[in-house]
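Here you get one chain, nothing else, as structure tokens; it is the form predicted alone.
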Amino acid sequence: MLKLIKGATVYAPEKLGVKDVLIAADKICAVEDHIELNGNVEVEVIDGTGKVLTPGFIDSHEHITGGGGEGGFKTRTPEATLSGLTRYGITTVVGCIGTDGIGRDMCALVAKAHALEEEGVSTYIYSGSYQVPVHTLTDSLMKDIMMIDKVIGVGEIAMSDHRSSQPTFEEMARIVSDIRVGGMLSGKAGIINIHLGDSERCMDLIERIVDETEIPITQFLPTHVNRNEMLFQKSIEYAKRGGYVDFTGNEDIDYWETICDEVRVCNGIKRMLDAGVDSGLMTISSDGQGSLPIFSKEGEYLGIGVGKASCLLKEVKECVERTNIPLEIAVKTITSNPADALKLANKGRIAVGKDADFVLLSEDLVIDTVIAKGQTMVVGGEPIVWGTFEEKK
């Protein structure tokens, strides 16, 4: 069956105005002012009148197998679920392993990515975890990215953090070189996703690799850049050099602002734009299902929160409503920008030939309908397609 979305205001993510969008199977086959089909053609019509249509959201950093553990085994967080992604507009997710690269391993990550793909969303993964040497599935990073279809890069490798392996310049340069060449040979991004911690060293190791080798700055995707004011200031200068920066969304930022100097995403993006940073270099990810531990200055565990996939749209809404960033700029951070950074050619845009991933929103940016790979997953804000073992409430 064909699907026809009629009369929605399309943000592709550029604002195209009111358009009709025709879907055939899992692809976009027309975006026009008016589309009329022959009466003999079976078509499902979705009324987009008064609504906003955007590309499906891309979460470039989610712990799909769960994360946590910094406070002992009881603080391990649960796996992601299909409806836990789609009900918040996420149609493409990139899975990663965090601090625990032993209890959460690459076999489990690949298996979970395939499970979510079979259930209806597009999935990719990073090879490895916080640790160096990197824990790979095969005997090398280059082989992982070349021979495992889901692997598009490596990460999240931790630096400037008391939980990291304290990698050396030589170790990191070799990792980035291997994953870059492997990406070139396989036609993938070969991106290195870097977890940035609280240390005053901030992004020093990344900048040194960029300065002292031939590796381009766009090979890195440093995340948690809004963790604190010191790191954020460094990130502005880094982004002005042409590097991607990934903000971590926070559903509970009103609380976290009372206990630390985390930079609110909408304020951070506005400050970067005002500083002259290219709007195409900023992304937002959820750190979904990942742990949000609180440590003392001595590194002792104090408590924990859990990342939530719901924060992506929440952060875009705050960009629009709190800091007056145009929607077409704000929504790029979770659509076309991560698609460009990760070289996902068929994702992140509404255009003929691209994958049929959409989020239909009310005028006040509340999710109405979500379509992933041409399949309607959410209607009226509620999932109609659930994961295999999910219990519909």
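Being a predicted model, the structure only gives us computed values, none of them experimental. From 1 onward, residues are counted along the sequence shown.
Below: the form predicted in complex with a small molecule, not depicted.
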The unique member of Gly56, Pro338, Gly68, Gly48 whose heavy atoms fall within 4.5 Å of the small molecule in the predicted complex: Gly68
Contact residue in the predicted complex, chosen from Asn193, Thr283, Ser291, Thr123 - any heavy atom within 4.5 Å of the small molecule: Ser291
Interface segment, criterion being heavy atoms within 4.5 Å of the small molecule in the predicted complex, picked from 91-99, 238-246, 313-321, 213-221: 91-99
Asp144, heavy atom within 4.5 angstroms of the small molecule in the predicted complex: no
4.5 Å heavy atom contact, Lys188 to the small molecule in the predicted complex: no
The small molecule contact in the predicted complex: Arg163, any heavy atom under 4.5 Å: yes
